[in-house]
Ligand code: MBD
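Have a look below at one chain only, the form predicted on its own, in structure tokens format.
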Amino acid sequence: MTTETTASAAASGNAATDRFRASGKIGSIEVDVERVNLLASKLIKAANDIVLEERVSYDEFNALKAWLIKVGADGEWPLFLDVWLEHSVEDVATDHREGNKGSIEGPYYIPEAPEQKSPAKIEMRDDEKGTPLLFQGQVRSTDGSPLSNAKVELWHADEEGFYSQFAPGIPEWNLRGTFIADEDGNFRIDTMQPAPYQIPTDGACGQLIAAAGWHAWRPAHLHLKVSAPGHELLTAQLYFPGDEHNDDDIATAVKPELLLDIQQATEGNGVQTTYDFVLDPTAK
């Protein structure tokens, strides 16, 4: 067994929690009393309605209390919220867009990955396992104009389903990178095709999955953040056709518009795909 495969849910969860705390995402939040009152009241009422409608017992209530404590102890609140709630938040946040459909960020994003000008090869181990993948395309605005020097951030799991910085034994920036498109918005990135994977199952989220009789699988996917001055940031996940979990993704994040067209590579071994990004201008 390699050190990579000994990754635990608690270690991964606590790493995700620490990353969220350091992300600055809550540093500028202004609390509106009326909004907090509305949302908190609806959440509490919904929970109480479930208790009354389903006649929840004290044994079930205490099991829930113990499980909620375990979610925090395992550091899995980022995982829980990203898997079961973020897809709806993302839908609300982007339903006005005319450009590309987005998807959830997930808990494993790391900012400031090493930057390269396209064409480029993502950082990987000399003996990285898997199928070579050429990922290429163009970044444009909704009016069709190319976005010169657009930034394409790419990260994904390896062939074993693990992310660098969230599992032991993997180089820090493995399969993570920031790529600058050319003057015509074109990018070309050599990477490896990721594998489907199960979200961590030895912690609180896995306990819920087992108790409910669900599965823990996410289909293989690429994570992207695409940006350009004067345009809205696009966060997306792109999926591979034929994956058995595209239709029952545990995170409910797959959309038809996010499926890649995979072809045999025209040069060398492996496969290639072309996917263009259309960004919405920032509202004035």
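Predicted model only: the values in this text are computed from it and were never measured. In this text, residue numbers run from 1 along the sequence as written.
Below, we refer to the form predicted together with 3-methylcatechol (MBD), which is not included among the displayed structures.
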property	result
Any non-hydrogen atom of residue 173 within 4.5 angstroms of 3-methylcatechol (MBD) in the predicted complex	no
4.5 Å heavy atom contact, residue 179 to 3-methylcatechol (MBD) in the predicted complex	no
4.5 Å heavy atom contact, residue 218 and 3-methylcatechol (MBD) in the predicted complex	yes
Contact test in the predicted complex: residue 150 vs 3-methylcatechol (MBD), heavy atoms, 4.5 Å	no
Heavy atom within 4.5 Å of 3-methylcatechol (MBD) in the predicted complex - the one residue of 167, 79, 139, 204 that qualifies	79
Answer option from 133, 113, 104, 122, heavy atom within 4.5 Å of 3-methylcatechol (MBD) in the predicted complex	104
Triplet 83, 108 and 163 all within 4.5 Å of 3-methylcatechol (MBD) in the predicted complex via a heavy atom	yes
Location of 3-methylcatechol (MBD) contact in the predicted complex, chosen stretch of 181-189, 114-122, 142-150, 195-203 [non-hydrogen atom, 4.5 Å]	195-203
